[in-house]
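First, one chain by itself in structure tokens, the form predicted on its own.
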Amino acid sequence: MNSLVLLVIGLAMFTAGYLIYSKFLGRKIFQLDPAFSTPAHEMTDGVDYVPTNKYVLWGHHFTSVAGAAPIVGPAIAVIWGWLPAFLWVTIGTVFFAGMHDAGALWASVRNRGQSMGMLSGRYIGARGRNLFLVVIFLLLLMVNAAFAVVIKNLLISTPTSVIPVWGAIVVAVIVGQMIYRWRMNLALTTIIGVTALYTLIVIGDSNPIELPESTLGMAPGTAWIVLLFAYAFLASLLPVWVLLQPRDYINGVQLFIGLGILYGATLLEAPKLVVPAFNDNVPDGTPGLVPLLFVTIACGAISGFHGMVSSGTSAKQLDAEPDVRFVGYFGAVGEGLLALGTIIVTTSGFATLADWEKVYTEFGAGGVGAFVQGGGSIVNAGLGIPTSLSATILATMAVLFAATTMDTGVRLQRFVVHEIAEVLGTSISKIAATTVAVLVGLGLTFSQGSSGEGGMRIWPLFGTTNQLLASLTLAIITVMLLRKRRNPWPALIPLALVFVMSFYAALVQLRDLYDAKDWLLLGIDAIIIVAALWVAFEAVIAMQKARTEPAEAEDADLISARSGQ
């Protein structure tokens, strides 16, 4: 089968999803109001609450939620064949992720930009909120620690990406000045920023950078991790428009250039899929497709981390409520586009099935490496770009996405630390909260050695934790819709499927951890399962109560948020 078929069908589904389904959600379900004053205007502080152009905010939101996950998840999941991954990415993006991401953004905007953790207290109850915060804290800890290791590995394995990755920070700071201080035309600013970034990619391709064997007594891997956390510490404290927003915006534009290169090469080369629709020759030890497919591909279909970003940073920058549709729903579509490209290059970027099987020797053996290898091959064949430069472009794209997720993750962790302190009846400064977030992440990363093995220690629990969080976020949205007497089914249906699959996967994982006698992960997994089950139980009670009580006034959420209830 030709990969062009996947490309055409996938693009058609995403287009219909945005033009038709998201319009239905915006008008009938969320009832987005242009006259509504968003938290960015009501609480402007120039640091976290900043009214932002919807195109710039889309870039910030999209690259923050994406990370490397829309690449890693699908690149691993094709081990079961291309069809399951393709169906879950396309259907999941249109009917699951779009609803979840836009819904979380809408819910937070209607509640003064508060996070899902705090909203759970209002809509589900105090016990649910406390357990919700525990799950969120663990999830962000996994993200920050694991992404530091992933980025470190990519910087070491692809030294040609070092100059563009770190040079992008300088480009972003200048772009931020051009947008907010010099008030330059956005289109011109975009052209200058993207041109500068790709100039750095070309320079980096000819000038690979490797750290010396010892930097202040640290090995290269250790030094990269320390540098990454130091960067995340500073980036998460700066006003959002100085670095995070402009860098993410340029990265978002870069995604479409990268996808244009990938899709253009696919169009010209039209490579055949070398992988069967369903692969019945999976390596020994590969887990079952159900339920693991639904937790292996998170970003690119649906991901609980997106709700954290929507309610953590994006809601504080939304200029107008109707922008929820473009920023939230189209942000999910952007991830779907990247995941679709990943499926295509990892199933058609190899000459033969035998070559593909040499990479996919075990579950988890694909990932970013297969994406860079397969993508570089297609780009070289379709557009004639040298394989080395193609690999540098794709590796830079992956690292930049991962880095944006890490610095946003540390910022979100700071908010969560604030909220936990608030629940405990105390307060904590921004610097102290950020220090806690960074030290906890560093502690986990180096818990098993200076090379950062600990960063991946609890990562195996990410998939199930992340998807359980997505279902709990959908539960909050469902309660809100029920209270307002609006149609809850667009949230309720994805909630049911995602919760069942992720809970099933968590139980399977619990059994596997018991067999492996991994008591640490087994204990954490048990805590997550109990917390999720408890929150789900409280959510069902809240839904039943919302159905029977009189409908609430349209501005009830806002009034409650203002009064701190």
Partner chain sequence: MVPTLSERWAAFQAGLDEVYAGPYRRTFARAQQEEDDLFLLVVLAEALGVPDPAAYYTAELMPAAYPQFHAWHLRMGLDRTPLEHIRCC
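Think of the rigid core as the biggest set of C-alphas that the two forms share within 1.5 Å after superposition. Note that the structure is predicted; figures quoted are calculated from it, not measured. Numbering follows the first chain given and starts at 1.
There is another form of the same protein, the form predicted together with its partner chain; it is not shown, and what comes next is about it.
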| task | Work out which of the listed stretches, 172 to 180, 194 to 202, 129 to 137, 461 to 469, brings a heavy atom within 4.5 angstroms of its partner chain in the predicted complex. | result | 172 to 180
| query | Here the chain is shown alone; which of L424, L216, I431, A187 has a heavy atom within 4.5 Å of its partner chain in the predicted complex? | reply | A187
| message | Can you tell me if G46 lies within 4.5 angstroms of its partner chain in the predicted complex, counting non-hydrogen atoms only? | response | yes
| said: Just checking whether G349 would be counted as a contact of its partner chain in the predicted complex - the rule being heavy atoms within 4.5 angstroms. | reply: no
| field | 4.5 Å heavy atom contact, A69 and its partner chain in the predicted complex | value | no
| task | Flag K152 as yes or no: does it have a non-hydrogen atom within 4.5 angstroms of any non-hydrogen atom of its partner chain in the predicted complex? | result | no
| Looking at its partner chain in the predicted complex, which residues in 217 to 241 have at least one heavy atom within 4.5 Å of it? | V240, W241
| C-alpha of Y249: shift of 2 angstroms or more between this form and the one not shown, rigid core aligned? | yes
| Relative to the superposed rigid core, does the CA atom of G193 travel 2 Å or more between this form and the one not shown? | yes
| said: Does M184 shift between this form and the one not shown by 2 angstroms or more at the C-alpha, the core having been superposed? | reply: yes
